[in-house]
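A lone chain, given as C-alpha cells: the form predicted alone.
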Amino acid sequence: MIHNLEKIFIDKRSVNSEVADRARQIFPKNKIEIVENEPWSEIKRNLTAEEFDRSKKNIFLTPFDGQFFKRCPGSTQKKVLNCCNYHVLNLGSQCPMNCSYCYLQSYLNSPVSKIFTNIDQALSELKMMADTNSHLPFRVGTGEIIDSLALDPLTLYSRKLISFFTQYPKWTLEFKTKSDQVDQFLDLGPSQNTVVSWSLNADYVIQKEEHGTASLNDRLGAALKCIQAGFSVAFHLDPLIYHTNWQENYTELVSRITTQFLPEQVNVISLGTLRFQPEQRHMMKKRFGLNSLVTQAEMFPSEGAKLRYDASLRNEMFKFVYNLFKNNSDRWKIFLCMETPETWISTFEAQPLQKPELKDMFRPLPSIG
C-alpha cells in the first residue's frame, strides 16, 4: 500500500529519524521533500472531499508533541455505552485505505496523513504506566486514527512494540488492520500477548464499501500466517451493514471464519453496527455518492450523539450473527463494541461483567488522565 503514496514530506526535525531513513531507502528522490512546516497548513477550515482524498495520498513524517497513550474514546461515554477498558497508542493519523463509512471523515481535519517519528517518546509513556501497573490486564491498540499495519512496512513500529510488550506479559498489544501486511514482524513470534486483529466484513460489503483494502481472502490468510508464527488473532465484524441479502452474506462470512479457525485460536470477536456522526453524512455523499450502502442507510439519532440503525434492527443483526457463532461452538468469545447495556441484555441476556470470559476486559482500571 505504501507504493500508492504520491509524496513523502519529512519535517526538518525528523530528518535523522529511523522512519525518514527508511523512506529514503524505499521511495525515489522525486517523491521526498524536506519541509519546515506541515504541508497545506494554510487550510484553517473543514476539508473538502477533494482535500480529504488528497490527505490519504501524502504523508508527513513529523514529531508528535502531545500525549501518545490515552483511553479509548468510548470510555467518555460510560453512562450510555458499555466500555471494554481499551487504551490507544496513537502513532500517526489518517489511513491510506478508503472505507465509505470511516469515522475519520468527521474526526480528522488535517490536510495530510501523518506518521509520528518520535516513537521512543511513546514507548517512554508506556513504560511509565506499565512499570506501576504491570499486574493489570491493560489492552493497548494502535489502530484508532490510523490503520495499525497498512504503513508498517515503512515504519516497522510493529517490531519495536512487540519487543516492548514482551516485558509486560499481562498487558496486551493489539494491531487492528484491514491490510495483509504482517510479514515484516512474523520472525518475532511467538508472542501470546500480541494480538493481530482484522476488521472483517461480508465479501459483498468489502467490494462495495471498503475501497483499497485487502480482500477477505488475504486478510484471513494473513491471520493464519500470524497463528502459525505464534501470535494471537482477533476479528472485528464491525460495522455490520444492513443490505439486501445481509443474512446470507454474513452467514457466509461467519462460515469462512468458523471453517478456517478454531475458537481457541481467536482471542476475541467483536460485533458492531454502522454508526457515524451526523456531520459525516455530507462528506460521505460527496465522496461516495448515493449508491453507497452507507449513504442510503436510514439512520436515527442515538447513543453517543451518533446516527445509528433503529434499535430493533441493531438487535436483530447482533442476535443473528451472534447465534451463527454460538451454533457452531459455545467457545467463541464475543462482545459488542460501543453498545448500550440494553442492547447487551437483548443480545446476550447479560451484561459483560456477568460473563466470565469477558470480566477481565470490562473490569474498571485505574485512570491515566
Partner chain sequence: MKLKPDFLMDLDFKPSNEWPASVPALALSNQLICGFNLSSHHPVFEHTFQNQDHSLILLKSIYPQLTLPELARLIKSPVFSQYFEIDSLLKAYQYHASPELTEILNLLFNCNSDFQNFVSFKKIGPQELVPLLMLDEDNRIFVTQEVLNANESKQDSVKRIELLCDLIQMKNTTECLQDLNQNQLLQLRHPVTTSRDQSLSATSLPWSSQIKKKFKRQGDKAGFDIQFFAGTPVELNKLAQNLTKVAQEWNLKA
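Numbering follows the first chain given and starts at 1. Not measured: the values here are computed from a predicted model.
A second form of this protein, the form predicted together with the partner chain, is not displayed here; the remarks below concern that form.
Among Lys170, Lys127, Lys286, Arg159, the residue placing a heavy atom within 4.5 Å of the partner chain in the predicted complex is Lys286. Out of the listed residues Glu33, Asp310, Glu38, Asp53, Asp310 is the one that sits within 4.5 Å of the partner chain in the predicted complex by at least one heavy atom. Thr48 belongs to the set of residues with a heavy atom inside 4.5 Å of the partner chain in the predicted complex. Using a 4.5 Å cutoff between non-hydrogen atoms, Ile206 does not count as a contact of the partner chain in the predicted complex. When the partner chain is considered in the predicted complex, Glu264 lies well away from it, no heavy atom lying within 4.5 Å. Looking at Arg281, you'd find a heavy atom of it within 4.5 angstroms of the partner chain in the predicted complex. Picking from 327-335, 53-61, 314-322, 24-32 the stretch near the partner chain in the predicted complex, with a 4.5 Å limit on heavy atoms, gives 314-322. Residues of 220-254 that come within 4.5 Å of the partner chain in the predicted complex, judged by any heavy atom, reduce to Tyr242 alone.
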